[in-house]
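Alright, here's a single protein chain in two forms, structure 1 and structure 2, each given by itself as structure tokens.
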Structure 1
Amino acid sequence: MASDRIFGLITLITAVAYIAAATQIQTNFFSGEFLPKLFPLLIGGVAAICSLSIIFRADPDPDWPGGPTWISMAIAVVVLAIYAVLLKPLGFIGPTIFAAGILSYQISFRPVASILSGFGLSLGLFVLFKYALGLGNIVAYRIPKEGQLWDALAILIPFVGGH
């Protein structure tokens, strides 16, 4: 029970920090561009509500996952961190294919289906975001300039560089 409450508290602190970071996003309210700020606020709000549910309705005898599950979760976190830093230098489609394919492979160990899922999800989300939702600032692909990829990845490596 204590471990659930500790997890809920850590999640609540993370959600509050996420909401605080989302409030710092600069938007032009008069032009109707409030979605870049609203979406992270909604995600943070849902995470905060879920964490409060975990804190107040903790499982009396929680079963924590075994070692292989923790390894899979660590791989997912690393893949998503790499995805986040590669979006700007490479554009949306390439990093999304990479991340969605790896995460799909973790769910179901079928390589061909995972690759197809990565391509389908990447292209489908690009069309959804760019054309259906009208988020015109999404770039399909970019060819990075020299050193731009290293600068992006260096953010993930402590004491190496980055901004």
Structure 2
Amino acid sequence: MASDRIFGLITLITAVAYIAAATQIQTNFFSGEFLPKLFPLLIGGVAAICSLSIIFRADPDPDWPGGPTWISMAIAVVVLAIYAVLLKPLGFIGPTIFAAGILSYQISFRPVASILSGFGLSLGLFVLFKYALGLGNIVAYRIPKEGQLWDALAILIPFVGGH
């Protein structure tokens, strides 16, 4: 019950915010005053009604995982985010060993197997992408310039990085 209520409340707030944003959509002579706003407003309205229905007619709670699993998933999200920003400045092989290895460990909790699967996946996929499929923008490794690494990671820190 509680999960659905919280979910409904979040979506309700999002829907109201969406409607508010939709009323602020800029228009000009070509689009007419109302048409660019019409459909977003309709969507927001329907979403708000659905959210209310979910809040008042909540389903039973799903089986949520325990604390350690949440930590594993949080680590996975952080690792993936770091992978996303480092893939370009560091090239494919290094970041992939790191990301695939940690993800593998989060599933199996077997350190040696995870390290091996990290190396195996990284090298295997590199050969597959680079030589079998010929994907152009996959580069084996890059040596980042001074400060480049920090710039990439800073993207993930709110209000510091991002362009």
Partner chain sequence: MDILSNLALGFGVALSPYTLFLAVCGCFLGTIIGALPGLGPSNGVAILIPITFTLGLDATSALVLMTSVYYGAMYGGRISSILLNIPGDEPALMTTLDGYPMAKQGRAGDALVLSGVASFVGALLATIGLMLLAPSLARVAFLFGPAEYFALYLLAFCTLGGMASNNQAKAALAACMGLGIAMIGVDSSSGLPRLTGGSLHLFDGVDFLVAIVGLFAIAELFFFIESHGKGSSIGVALDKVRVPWKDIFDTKWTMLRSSGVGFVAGILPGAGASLGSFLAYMTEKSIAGPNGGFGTGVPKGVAAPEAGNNAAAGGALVPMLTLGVPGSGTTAVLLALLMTLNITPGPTLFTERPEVVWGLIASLLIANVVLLLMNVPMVKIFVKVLMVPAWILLPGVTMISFVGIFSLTGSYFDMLMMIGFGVLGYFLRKLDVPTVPVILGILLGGNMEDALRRAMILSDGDVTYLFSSPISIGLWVAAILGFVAPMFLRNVLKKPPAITD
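All values derive from a computational prediction rather than experimental measurement. Structure 1's sequence is the ruler for residue numbers, which start at 1. Definition used throughout: the rigid core is the maximal C-alpha set that superposes within 1.5 Å between two forms.
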- Message: Of these two forms of the chain, identify the one that is the form predicted alone.
- Response: 1
- Would you pick which one of S108, D61, V112, G134 lies where the chain hinges as its rigid parts rotate between structure 1 and structure 2? D61
- Note on the structure: Rounded to the whole degree, the smaller rigid unit turns between structure 1 and structure 2 by 68
- Task: Superpose on the rigid core and then read off how far the CA of F7 has moved between structure 1 and structure 2, in Å.
- Result: 7.4
